[in-house]
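Below, in structure tokens: the form predicted on its own, a single chain.
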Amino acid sequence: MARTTTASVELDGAARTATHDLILSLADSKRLLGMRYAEWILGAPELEAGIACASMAQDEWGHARLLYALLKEFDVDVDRVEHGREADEYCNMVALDEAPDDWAGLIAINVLCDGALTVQLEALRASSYVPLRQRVGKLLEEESFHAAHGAAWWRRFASASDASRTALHDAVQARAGDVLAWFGPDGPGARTLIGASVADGAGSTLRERFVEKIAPLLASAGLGDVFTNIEPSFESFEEARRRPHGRAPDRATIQRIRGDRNREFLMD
């Protein structure tokens, strides 16, 4: 049965479920991405890079907050979603489960994970779900700075030395499969989103757009064929959560994101 939201958008039950799942995956991924940026505020190779990490972390957490707020339209307890879930309930991109060990890893996350999220958002520019469409423009505007930051550091690493290129190659190879898989299979949820005009592409279509978008950067680092040689694995993949069953971000990260140690001091 179709249900009317406050924005006069009608989505049937399957479309509401698929749209909810998409928003939650985007929000959780942005929350984890913001955390990964924040962890490098004091560890970046240059002061300006640390400041950029602070700015990008703030952006991503702001985006996550905007997206979580949309879940109220789906009768979700947003406070529990933000502060009450365990790690195995998160729906973030697997490539963000663990913190990068070095700056090359942070660059790979900046270009690959942030880039994949942007491709997904671009597929929502003309979404039939008005509350989401109304927010996408602002999010993409801020993402353009993140893309410029990632591209600049990528090119520096790609041209600096054999060691820096090797570090970048290793960081990309370690995350490429998980990033491609995050777009999901061309399954029932993907077809529902396209059928309801919530998104103008999903699954394999978004993977193609993503690979095409970052092709110049990949070529500059001698990684031109890294994604074309990878077939994402959907074994035990949960389409709703856009990640394999049984995997989760590390518990310590989620505790820090929830603010467990300090929320007890909050007073109304």
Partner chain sequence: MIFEVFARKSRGEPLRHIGNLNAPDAELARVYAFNTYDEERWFDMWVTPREHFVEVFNAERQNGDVR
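Numbering follows the first chain given and starts at 1. Because the structure is predicted, anything quoted here is derived from the model rather than measured.
Beyond what is shown, the protein has a form predicted together with its partner chain; the following relates to that form.
Exactly one listed residue, out of L140, V76, A126, A148, brings a non-hydrogen atom to within 4.5 Å of its partner chain in the predicted complex: A148. For the options V226, I51, A69, A215, the residue carrying a heavy atom within 4.5 angstroms of its partner chain in the predicted complex is I51.
Although the partner is absent here, E46 is a contact residue: one of its heavy atoms lies within 4.5 angstroms of its partner chain in the predicted complex. When contacts are judged by a 4.5 Å heavy atom cut-off, A160 does not count as touching its partner chain in the predicted complex. Contact between A152 and its partner chain in the predicted complex is found at the 4.5 Å heavy atom cutoff. Mapping the unseen interface onto this chain, R156 counts among the residues with a heavy atom inside 4.5 Å of its partner chain in the predicted complex. Note that among 81 to 89, 140 to 148, 114 to 122, 165 to 173, the stretch whose heavy atoms approach its partner chain to within 4.5 Å in the predicted complex is 140 to 148. Residues A52, S55, Q58 of 52 to 67 are found to place at least one heavy atom within 4.5 Å of its partner chain in the predicted complex.
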